[in-house]
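Read the single chain below, which is given as structure tokens and is the form predicted on its own.
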């Protein structure tokens, strides 16, 4: 039985891969291999995007390496395309595990014509309509109040959907976070709030930003249960989030889930050099030893179905090839031009914008006549 407000994170699999409580029957070797593939694919996607950054082909990226169990486990705990997800800016692993095509993510990061937002959004801030994956925002905790409103609407309409809202530990220090949870709690809205507690809000540690011993304990203030889970234990994340989703869908109101994990990379490319000044290499190495992908591999070995070095290498190579192919396809579509400023907002363009479009068109044509490009 999954219990709220446990003093220690809920865990099913130890760091050495041995189960610490009976493994649920659904976690067959075949399922674990499938989940392992999703996690390793996301890890290698991370590595390839860092390469694209260094090549100057994109301008912003926030890694999720080390957090794969939390995001893949959450993706497999909800009804994709039925429930609604309000994510935060480190959730590309969640998106990939929900079935968002890698081509869509790469097109958005590159800002090409194959990007559904056609380069208007900040890189690595994608949305996916088919998966009900709402556009990512960089403003910390800004997704929490509208997610609460989304859940309130679901309750009003009487549908069996639920709203999933994710955020990092830093978001829990923002006023928007408290306002959103308060609204959801008061309305008994069908929302699952998931804190991906990677313990660092850019350069501010969890201990410097809150006096609370944990994040999940804050749920008590809003009249909802709080669950504390080992975010590097894939089985635990799926079991807890699946249970919570069922409870919410049954009409028991919102809940807060804290997944204790760690980002082993920098906050983003913006602090790639600075991060070594605010945390020690020893701390990072300690958490590298708790790698969630390695834990799944050790669990499979314990069950007698190890992932061979050859299998692992082949999966890494195929992911790298896929990224390379999709990047070339996206870049081949070209970059959006000035005309997109006047498209995709109005069905009938207002007069003042028609005038501005005509002015720019004439200006571009004039430049073309002088050797410019129309």
Ligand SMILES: Cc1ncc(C[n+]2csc(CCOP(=O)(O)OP(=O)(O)O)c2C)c(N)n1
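Numbering follows the first chain given and starts at 1. Everything quoted here is computed from the prediction, not taken from an experiment.
The form predicted together with the ligand is left out here; the points below concern that form.
Visitor: Report whether the minimum heavy atom distance between residue 198 and the ligand in the predicted complex is within 4.5 Å.
Guide: Yes.
Visitor: Would you please decide whether residue 161 lies within 4.5 angstroms of the ligand in the predicted complex, comparing each non-hydrogen atom pair?
Guide: Close contact is absent here: in the predicted complex, residue 161 is far from the ligand, nothing within 4.5 Å, heavy atoms only.
Visitor: Closest heavy atom of residue 170 to the ligand in the predicted complex, within 4.5 Å or not?
Guide: Yes, residue 170 is a contact residue.
Visitor: Is there a heavy atom of residue 118 no more than 4.5 Å from a heavy atom of the ligand in the predicted complex?
Guide: No, residue 118 is distant from the partner.
Visitor: Since exactly one of 89, 133, 227, 177 fits, which has a heavy atom within 4.5 Å of the ligand in the predicted complex?
Guide: Among 89, 133, 227, 177, a heavy atom within 4.5 Å of the ligand in the predicted complex occurs only for 89.
Visitor: Which residue, 153, 303, 202, 103, is the contact with the ligand in the predicted complex, using a 4.5 Å heavy atom cutoff?
Guide: Spelling it out, the residue with a heavy atom inside the cut-off is 202.
Visitor: Mind telling me which stretch in 75-83, 136-144, 242-250, 95-103 gets its heavy atoms within 4.5 Å of the ligand in the predicted complex?
Guide: Heavy atoms within 4.5 Å of the ligand in the predicted complex occur in 136-144.
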